[in-house]
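Encoded as structure tokens, the following chain is the form predicted alone, with no partner shown.
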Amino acid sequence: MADPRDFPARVLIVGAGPTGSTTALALKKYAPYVQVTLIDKSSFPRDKACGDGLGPGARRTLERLGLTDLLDGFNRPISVGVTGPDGTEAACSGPLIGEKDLSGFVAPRLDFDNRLLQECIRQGVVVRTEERFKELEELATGQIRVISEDLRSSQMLAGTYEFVIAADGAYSAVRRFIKSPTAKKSKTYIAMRSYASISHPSVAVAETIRLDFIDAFLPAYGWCFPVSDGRANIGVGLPVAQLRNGDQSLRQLLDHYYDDLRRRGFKVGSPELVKSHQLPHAAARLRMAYGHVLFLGDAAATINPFSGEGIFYGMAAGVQLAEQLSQVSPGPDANWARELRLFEHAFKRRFRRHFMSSYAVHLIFKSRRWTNKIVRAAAKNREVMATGASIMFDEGTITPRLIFRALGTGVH
């Protein structure tokens, strides 16, 4: 390998959420010849509309990078409760479900994103917050010239990079600038989250992640993820098209979920810090690599079509990219556009069956009858619960065995 000091590979990452920061940290670990600059328009710590759930996939990704200490102090629920439209509840206790460690954390983005960013600074990533991406231009040399704005001084800044990683979320400014197609509304969810105090006389609320599939939200759900100190992240989501065709606003649906929780015996406080956000999901099949520009995370619409989970896929993509680039010899002959295309193909191949399974379950859960049937199957069989959780928050896929279980055929 050529001496990287002679041929530095400079990369700009736009967006310092979990995808951008994890990608920066993975590049430092696996491809240290890459000189990483990370910018974000916000100052940190900053809040972000999210369910705050870090599933087993995200947890394993941090373990792989040796960063599990970043999860210290966050709540780690050990139980899952899933409710169907008919009131059937499937419950499972313990981090092991069907011999799989499906434990995760509830990590408020205000704190989690800041911890990741501070780790980037500690490891030598050049971090510039309150800096907004403005435009980019591909030079005759094959490099990318990027113009950004320092929001504190309104000064325009310019830099030249071998490639750019756009990890700037569902409303990606980079994607808008290059006029790349965005996800259609038919392949986009919208969600609203809040925080509130919550308790129950007979339910260990602090230890239990709740997913409630009630009629108003199908094929999506309401969620209650316990944070700490008797509070939880409580939210709802559903397809954008469904919201537009309905007769209730997203806030009214959130209030409906609060009322439903109270009806089932939960004592719930008033919603606070209410935020909404859109979730373009993987069924949109957006292109990720455009020459020397690569989209990752929500900016690439790699959100689970069923659960709305997006953090894991963005983090996993960053690690996979860094591992691939660890095999590249930096030098004048390095073909960065080719490497980004190869990464896109490899990433999509890795997750193809998983995203197809997630979208299939999304379609199935449009049916009240089938939703009830699957929740009842999960209530009777831990394997169905484990596979369902893996499809929602990891890399699980639909299997014939799961289908037989859900159909109640008695196959073992």
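Worth saying up front: this structure is predicted, and the values here are computed from it rather than measured. For every residue, the number given is its place in the sequence shown, counted from 1.
The same protein also exists as the form predicted together with a small molecule; that form is not shown, yet it is the one meant from here on.
**Student:** Go through His277, Arg231, Arg145, His292 and name the one with a heavy atom inside 4.5 Å of the small molecule in the predicted complex.
**Tutor:** For this set of options, the contacting one is His277.
**Student:** Note which of Lys348, Lys28, Lys48, Arg64 lies within 4.5 Å of the small molecule in the predicted complex, where distance is taken over heavy atoms; exactly one does.
**Tutor:** It is Lys48 that has a heavy atom within 4.5 Å of the partner.
**Student:** Taking Gly53, Arg109 and Gly310 as a possible spot, do all three reach the small molecule in the predicted complex with a heavy atom inside 4.5 Å?
**Tutor:** So, yes: the whole triplet contacts the small molecule.
**Student:** With the partner removed from view, which of 80-88, 186-194, 316-324, 153-161 is the stretch that lies within 4.5 Å of the small molecule in the predicted complex, judged by heavy atom distances?
**Tutor:** Only one stretch qualifies here: 186-194.
**Student:** Although the small molecule is absent from this view, report whether Leu286 comes within 4.5 Å of it in the predicted complex, heavy atoms only.
**Tutor:** Answer no; every heavy atom of Leu286 is more than 4.5 Å from the small molecule in the predicted complex.
**Student:** Is Arg132 close enough to the small molecule in the predicted complex to count, meaning some heavy atom within 4.5 Å?
**Tutor:** Yes, Arg132 sits close enough to the small molecule in the predicted complex that at least one of its heavy atoms falls within 4.5 Å.
**Student:** Spell out, yes or no, whether the shortest heavy atom distance between Gly20 and the small molecule in the predicted complex is within 4.5 Å.
**Tutor:** Flag for Gly20 set to yes.
**Student:** Counting only non-hydrogen atoms and a 4.5 angstroms cut-off, does Gly104 reach the small molecule in the predicted complex?
**Tutor:** Output for Gly104 is no: heavy atoms all beyond 4.5 Å of the small molecule.
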